[in-house]
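Just the one chain here, the form predicted alone, laid out as structure tokens.
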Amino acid sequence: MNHRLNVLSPLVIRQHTLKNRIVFGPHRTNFAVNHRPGDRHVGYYEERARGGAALIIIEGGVVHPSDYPYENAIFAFKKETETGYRRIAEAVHRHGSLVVAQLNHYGGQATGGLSRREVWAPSPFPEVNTGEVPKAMEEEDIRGVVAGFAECAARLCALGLDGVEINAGQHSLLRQFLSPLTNFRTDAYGASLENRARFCREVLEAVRRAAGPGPIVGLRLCGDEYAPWGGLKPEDSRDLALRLCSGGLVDYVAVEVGSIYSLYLTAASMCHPEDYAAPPARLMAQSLAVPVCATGSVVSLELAESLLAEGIQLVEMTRALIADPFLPVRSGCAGDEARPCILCNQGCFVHWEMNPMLTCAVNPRAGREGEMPVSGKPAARSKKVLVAGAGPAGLEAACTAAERGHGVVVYERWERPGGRLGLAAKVPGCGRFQNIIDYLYHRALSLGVQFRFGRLADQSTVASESAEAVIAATGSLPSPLPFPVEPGVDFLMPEDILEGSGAVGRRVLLVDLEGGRRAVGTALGLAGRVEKLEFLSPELVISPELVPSGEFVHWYQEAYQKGIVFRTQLEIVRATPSGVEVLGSYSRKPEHLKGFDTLVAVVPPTPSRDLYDELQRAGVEVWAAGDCVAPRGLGAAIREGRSAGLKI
């Protein structure tokens, strides 16, 4: 990359100059303490400003007491938040970036479980996920919310922020008024496009008056609700934008997608193309006089450049900047490779009931900037370090140890790096997993790490390498099957399918006892190769662990399109050559399933700890990381790999 990139060119918005076109967009973090921005917010946003993002948009702040959308929401309507907002602004400004605060009211997409009162919306439509029916707002309620937006805007701009962004996109009361999907009113705030836009227009007018002529006022709009039977389509959103932006009320428009029926598409996973959300932004850019910001899954500079060439003027690269805050700085330095966002949503997608704090699967520092150093201190003494396993934990450990001055050699039983993650990368739609493997492997090589592929590490290996310390990143093994498999049954494990080493019959029964990605990946890998594929699970639904990453709906759509048949709430009792004996999980009614050539079983993993335990007993300095500690996700593997590399 070089300085000729359009994405690095400045842009003037009102009286403010953005140093480039890269935006760190608003997103839920669950970092708030007592509903106030705190130290974690300051470190998180400052890191992205230090890394070169031109515009930082603070996560949505609640503007009115009627809204309590989630446990760790920022209550911008409270004066107690002012110190936190001021500290964020000062931290971001230290690095020449601009900062605006998003203001929001969740409306009917909130819940009354926290506030212990009714939620507000334009009409009494049931919320899709909870079934909760909101109160249809009265005009007095509308006036109160308009005043809440204006008061928050005036106060935050007076604190030194460069402006505010008004959310009329996903998770937004304003979008619910704009959309015929959720607005059934017949008064001055419903029915026609003009009336549906009235509430949002009143908010923008009040905010502009309160903020004054200097601060930036941005607008986040939904460009496509993906609900063609009644929701906003791109042309509808364009017409709304033209009405809302007239009169100089708005300084930029950020265009996202998704509705109450398609939450997973607002920040889609790797299963979707990187530019899936770009078409509505392109349409807006052709029609609006103010800069348009593309959102969605833009994580590559190549796509960012392409969008700018098409007339879009700002590019939101939020998840890319979570993965590597210094992407903008690196983009101007030849040979400085950025840590890639793989769009896995494993850590940054925190819109679920457990309220986890935001993390990043590939960047263990995300959200922990004040706790984990950018790079470890040089080791007091250089040691010969052997890393057992070249999966994500082993690769991250090798890089970290080498950065600190240790001599590192990695042993891997397979002929390639990546471990089981390399198999996951073979699943249709999951190829981005290979990106983080390649990044870590190439980084390790550049740091002088040596690799021994096709070789299993043991005590004799440690001795022959004269290793002074060992990092066991030996991964996991399949747990024993909880049911007997009689001789004569054609039986395979998912690794056999993904590696292509197992001969599969024409009719396959896949049994999922894990509920996660491996079974889904195996099924998609088999689809199209076999005549019949049935997916059996004891759970109420197939693959429930895909819900937190926003991939559940996409998986079901793919499965039905590929003809995969689901059999839920069934437990296997025994597999025999004549068929599979099952029992209803709740009915306890026995069945005998026949007509299958091959049985594939996906079972939970168990840690592969033999090497770690042996070396501990032998008194060798040894650290464990990743599935060797306990089988979990990619984020845990990389985090623990880094931690192990810092300890030696």
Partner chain sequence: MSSAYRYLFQNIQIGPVRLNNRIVFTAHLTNLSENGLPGERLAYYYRERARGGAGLIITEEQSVHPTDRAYEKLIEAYREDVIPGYRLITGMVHQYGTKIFAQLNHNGNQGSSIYTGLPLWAPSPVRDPLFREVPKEMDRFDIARLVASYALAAVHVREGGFDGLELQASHSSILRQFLSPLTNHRRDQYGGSLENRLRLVLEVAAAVRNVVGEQLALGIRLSGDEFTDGGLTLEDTVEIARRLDQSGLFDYINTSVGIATRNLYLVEGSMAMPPGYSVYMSSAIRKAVKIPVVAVGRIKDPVQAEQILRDGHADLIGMVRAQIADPWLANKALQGMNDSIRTCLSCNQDCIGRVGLNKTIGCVQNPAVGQEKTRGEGCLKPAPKSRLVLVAGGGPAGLAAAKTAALRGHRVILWEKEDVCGGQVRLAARLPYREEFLDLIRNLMHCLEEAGVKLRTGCTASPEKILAEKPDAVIVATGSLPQHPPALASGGENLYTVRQVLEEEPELGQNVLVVDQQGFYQAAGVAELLAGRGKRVEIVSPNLYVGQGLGPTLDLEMWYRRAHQLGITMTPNVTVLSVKGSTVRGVHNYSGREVEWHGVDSVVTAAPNRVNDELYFALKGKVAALYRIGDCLAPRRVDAAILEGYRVAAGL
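Treat the numbers as computed from the prediction; the structure is a model and nothing was measured. Positions refer to the first chain, counted from 1.
One more form of this protein exists, namely the form predicted together with the partner chain; it is left out here, but the text below deals with it.
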{"property": "Candidate spot N355, L540 and P604, all three touching the partner chain in the predicted bound form (heavy atom, 4.5 Å)", "result": "yes"}
{"property": "Contact label in the predicted bound form: V629 to the partner chain, heavy atom within 4.5 Å", "result": "yes"}
{"property": "4.5 Å heavy atom contact, F552 and the partner chain in the predicted bound form", "result": "yes"}
{"property": "P373: touches the partner chain in the predicted bound form, heavy atom cutoff 4.5 angstroms", "result": "no"}
{"property": "The partner chain contact at R36 in the predicted bound form, heavy atom, 4.5 Å", "result": "no"}
{"property": "Contact assignment for the partner chain in the predicted bound form, among S501, S446, Q557, S460, heavy atom within 4.5 Å", "result": "Q557"}
{"property": "The single option of E80, E194, E302, E138 touching the partner chain in the predicted bound form, heavy atom within 4.5 Å", "result": "E138"}
{"property": "Stretch in contact in the predicted bound form with the partner chain, which is absent here, among 285-293, 464-472, 235-243, 561-569 (heavy atoms within 4.5 Å)", "result": "561-569"}
{"property": "Residues within 4.5 Å of the partner chain in the predicted bound form, restricted to 71-85 and counted by heavy atom", "result": "E71, N72"}
{"property": "Note on G113-S549 C-alpha separation in the predicted bound form, which departs from the shown form by 3 angstroms or more", "result": "closer"}
